[in-house]
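Presented as structure tokens, the chain that follows is alone, the form predicted alone.
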């Protein structure tokens, strides 16, 4: 008789609670927005996010699952599958999502009113998007992952167009149209995978793909086609070249606090789904890794080259996000143990340094179009705290020691190199050197005297934004000097064997 492991039942509230807490915040914002100010709702949602994060910590090593069912494999072996799993990989990735969400909430407290998005619907859509992101990280099958992705995507489309401006409407429409194409391709790929394997559950797909008797020979082509379509659908969402066209326009057209959310939390959630699918369910499927390395190489080259040509600092950070997508994708080419640890470490560092940099932009820009790189000249003499913080973020984004961005890139390079992708690792190292140019240029300008004393910024330092910036700067500095504070939780190979729920 099939035994149910400890902490597993049909509807485990323990596994569901981190998601339900965020969903409750979304519903609260939807219902109380008629009577409560938006600022009060934001503080309430910060509380719900903290509760969700603390609850995730209490679930460590418990292996909680929900919506379980027993299946029999073709060889007669029983298998207990779950549609939602609060295993250690889910908890680690969920905590990264919570960190990025908290930084977004803090920045929005200062900047939402100036961006003309200070109303309850902003918080509601944000919390619904976070709910979808957590569903992706906790997903145990392709349907739950897809539901989470669509909840997050639909909320993101609304957020991108929330500001009453032509720029936001244009960028949001582009985001919606290309995002819809990406979703359609992803769904088509999922249908192919189901047709080839007869299952939508990660664990069952993994066992069927990895077993000689689990997949009919004539279904191999269908599986390869499905894996490639799923990869293309994900590539739209994380902005892998050539599916990145929407990224610079959306990030520069949307309000900066929303750009912060889209470039960090949304990207973390989609990478969490990719880790589940390609390092778990389809780890043994042929074809997709060869295509991913080509897309990664193109992303590294085009993302860094385009960033070199930008005059607007916010748009430069958008192309920087594209380039970092390439570095993050390298971790997926490693083994589940090395790649999973490298990706999760890098995602936290990327979230901290990107969110802190965009928080400073949000605080200083005169309009939501951002600021030109030349506007940063002399920033140290006006806002020394923000200038030093931004310099640290740029150094970490460039991968300079002793900041955590260096260790994050090293782990991604190592994961790909050790799995045989030597030429890609060399290319990534070369593009990292090229990236120094566009990161160090604004870094140097900030500490040069400004010959135009009349230059001013939107406002100075404000407590919530300063807290978010301080969190990002402290994170990349401390984790750069003491990387094992985070990597120590990730380095255990046994954690990543759970990716497919086996």
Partner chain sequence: MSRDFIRLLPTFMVFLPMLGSLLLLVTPKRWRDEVAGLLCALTLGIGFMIWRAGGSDLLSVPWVPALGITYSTELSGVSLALAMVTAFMSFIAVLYAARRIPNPGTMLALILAMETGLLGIFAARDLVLFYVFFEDALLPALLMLAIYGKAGRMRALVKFAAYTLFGSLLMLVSIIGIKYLGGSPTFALADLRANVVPAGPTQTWLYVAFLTAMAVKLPLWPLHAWLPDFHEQNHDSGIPDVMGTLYKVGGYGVFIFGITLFPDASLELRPVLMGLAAFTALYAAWIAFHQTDWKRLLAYAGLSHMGFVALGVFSLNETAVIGAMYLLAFQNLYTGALFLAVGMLQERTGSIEVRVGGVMTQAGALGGLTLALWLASIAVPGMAGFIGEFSILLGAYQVYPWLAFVAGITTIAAAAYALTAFQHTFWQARPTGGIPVGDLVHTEWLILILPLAVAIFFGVYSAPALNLMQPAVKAVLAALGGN
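Just so it is clear, the model here is predicted, and its values are computed rather than measured. Positions refer to the first chain, counted from 1.
Keep in mind that the form predicted in complex with the partner chain is missing from the display, and what follows is about it.
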Worksheet item: Considering the partner chain in the model of the complex, which of 57, 70, 437, 50 comes within 4.5 Å of it through any heavy atom?
Response: 437
Practice prompt. Could you check which residue among 313, 417, 234, 278 gets a heavy atom within 4.5 Å of the partner chain in the model of the complex?
Written response: 417
Worksheet entry | Interface stretch in the model of the complex with the partner chain - options 267 to 275, 103 to 111, 356 to 364, 405 to 413, non-hydrogen atom within 4.5 Å | 405 to 413
Worksheet item: Can residue 449 be called a contact residue for the partner chain in the model of the complex at 4.5 Å between heavy atoms?
Response: yes
Worksheet item: So, in the model of the complex, is residue 99 in contact with the partner chain at a 4.5 angstroms heavy atom limit?
Response: no
Worksheet item: Is the gap between residue 487 and the partner chain in the model of the complex 4.5 Å or less for some heavy atom pair?
Response: yes
Discussion item. Check residue 430 for me: does it contact the partner chain in the model of the complex (non-hydrogen atoms, 4.5 angstroms)?
Written reply: yes
Discussion item. Heavy atom within 4.5 Å of the partner chain in the model of the complex: which residues of 476 to 493 meet that condition, in order?
Written reply: 480, 481, 482, 483, 484, 487, 491
